[in-house]
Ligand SMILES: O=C(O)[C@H](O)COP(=O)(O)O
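Just the one chain here, laid out as C-alpha cells, in the form predicted alone.
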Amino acid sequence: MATTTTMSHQAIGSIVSHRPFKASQFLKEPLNVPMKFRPKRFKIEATASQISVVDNTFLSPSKNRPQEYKKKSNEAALILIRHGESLWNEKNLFTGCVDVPLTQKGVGEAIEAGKKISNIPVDLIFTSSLIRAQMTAMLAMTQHRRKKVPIILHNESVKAKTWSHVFSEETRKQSIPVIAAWQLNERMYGELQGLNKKETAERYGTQQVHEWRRSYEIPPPKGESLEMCAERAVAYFEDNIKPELASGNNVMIAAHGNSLRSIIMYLDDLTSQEVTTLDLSTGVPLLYIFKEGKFMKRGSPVGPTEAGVYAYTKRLAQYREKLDAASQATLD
C-alpha cells in the first residue's frame, strides 16, 4: 500500500487522533485519567475542505511495538458488525462520512445482531465516529447476557476526561469501554455524498458509478478509493485492536461496509480483486477467533442457542457454561 495518502474531505467536525487504550487499564483506573501512550504516527493538516494524512509506517512491523503488546494468550474472540440500515440507506443515497442515524429497521437489525452474540464475551468495543455505528454497538449490547454497560470514552479535551471519571471500582467492573475512531469511518464518497444512487448512475453512466463504488483504486470525485480507506482502517486495526486481541481481550467492532471490508481483506488475506466482490449485510455479526497470532474465520453466529458457535473453542464453551450457571443461580 502507498505510504503517503491524501484524502479530500468535506468538513465533518474536528478529527481527533485516537491513541492506544488498554482494556486492562479500564478496570484499574478511573475513566480517562492520563495514561502513557505511544507517540503520534499521523501528521494531520486540515482545512475545511481538505485533510492530508501522512504516515510513513502505515503497516508497522510487530518488532516496532512495545513489549507489553507482544504478550500472547491462548485465544480471543473478534466480532465484526456492519451497522444496521441508516436513514440514507433507506433513501438509496450515498452516505459516506455524513453522520445519519439508523432507521427503525436498522434499530431492529442491531438488536437482532446483539441476540446472536449474546453468549460471546466482549471486553472492549471499537466503533467509528459516526452515530449509526455507535447506535448499532450500543443496541447490540443491550441484548448481551452479561448486562455490562458500554461507556464511550471521550479523549477530546481535559474537561471531557475529568467530567467522565467513574470512581466506583464495582461499577467499572460492570462496564465495557467503547473507543470511537474516525479511522474506522465509512469511506468518504466526496461529491457523491447525498446523491441518489439511481439518479447518479443515470447521470454519469452505470459503468462509471460501478467503478467508483466497486473498484479498489479508483476514488469518486474528491473522495476516497477503497484502497485509501483500507490504509487508514488496517493501520488502526494493527496498532490499536490487534494488540488487545493478543493480550486476550475479546473485541467487538461496529463499523461500515468499506472499513470492515478493508479489515476482512487483511484478516482473510484477500487480493484487491477478491475484496471488490465482498458484500456485507447490515446488522449481521461475523466471528473470528484470534489464536497463536492467526485469525480463524467462524462465520456468522445464528443465534444465542446455536451449539456450533460454542464448539469453535473451549474458551467460548466455558464462557457459555458460566453464563448458564450464573443465570441458574439467579433463578434459584
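Residue positions are given as counts along the sequence shown, with the first one as 1. The shown structure was predicted, so the numbers you read here are calculated from the model rather than taken from an experiment.
One more form of this protein should be noted, the form predicted together with the named molecule, which is absent from this view; the next part is about it.
K.L.:
Here the chain is shown alone; which of Asn155, Ser175, Asn89, Ser118 has a heavy atom within 4.5 Å of the named molecule in the predicted complex?
P.N.:
For this set of options, the contacting one is Asn89.
K.L.:
Looking at Arg203, Lys148, His165, Lys197, which is the one with a non-hydrogen atom within 4.5 Å of the named molecule in the predicted complex?
P.N.:
Looking at the other structure, the residue within range turns out to be Lys197.
K.L.:
For a quick test of understanding: in the predicted complex, does each of Glu85, Thr136 and Gly283 have a heavy atom within 4.5 Å of the named molecule?
P.N.:
Not a single residue of the candidate spot has a heavy atom within 4.5 Å of the named molecule in the predicted complex.
K.L.:
Counting only non-hydrogen atoms and a 4.5 angstroms cut-off, does Arg213 reach the named molecule in the predicted complex?
P.N.:
Close contact exists here: in the predicted complex, Arg213 approaches the named molecule to within 4.5 Å, heavy atoms only.
K.L.:
If we define contact as a non-hydrogen atom of the residue within 4.5 angstroms of the partner, is Val107 a contact of the named molecule in the predicted complex?
P.N.:
The answer is no: Val107 has no heavy atom within 4.5 Å of the named molecule.
K.L.:
Would you please decide whether Phe94 lies within 4.5 angstroms of the named molecule in the predicted complex, comparing each non-hydrogen atom pair?
P.N.:
Result yes; Phe94 sits at the interface with the named molecule in the predicted complex.
K.L.:
Using heavy atoms and a 4.5 Å limit, would one call Asn249 a contact residue for the named molecule in the predicted complex?
P.N.:
No, Asn249 stays farther than 4.5 Å from the named molecule in the predicted complex.
K.L.:
Which one, 236 to 244, 94 to 102, 109 to 117, 167 to 175, holds residues whose non-hydrogen atoms are within 4.5 Å of the named molecule in the predicted complex?
P.N.:
That would be 94 to 102.
K.L.:
Can you name the residues of 241 to 258 that have a non-hydrogen atom within 4.5 angstroms of the named molecule in the predicted complex?
P.N.:
The one in contact is Asn258.
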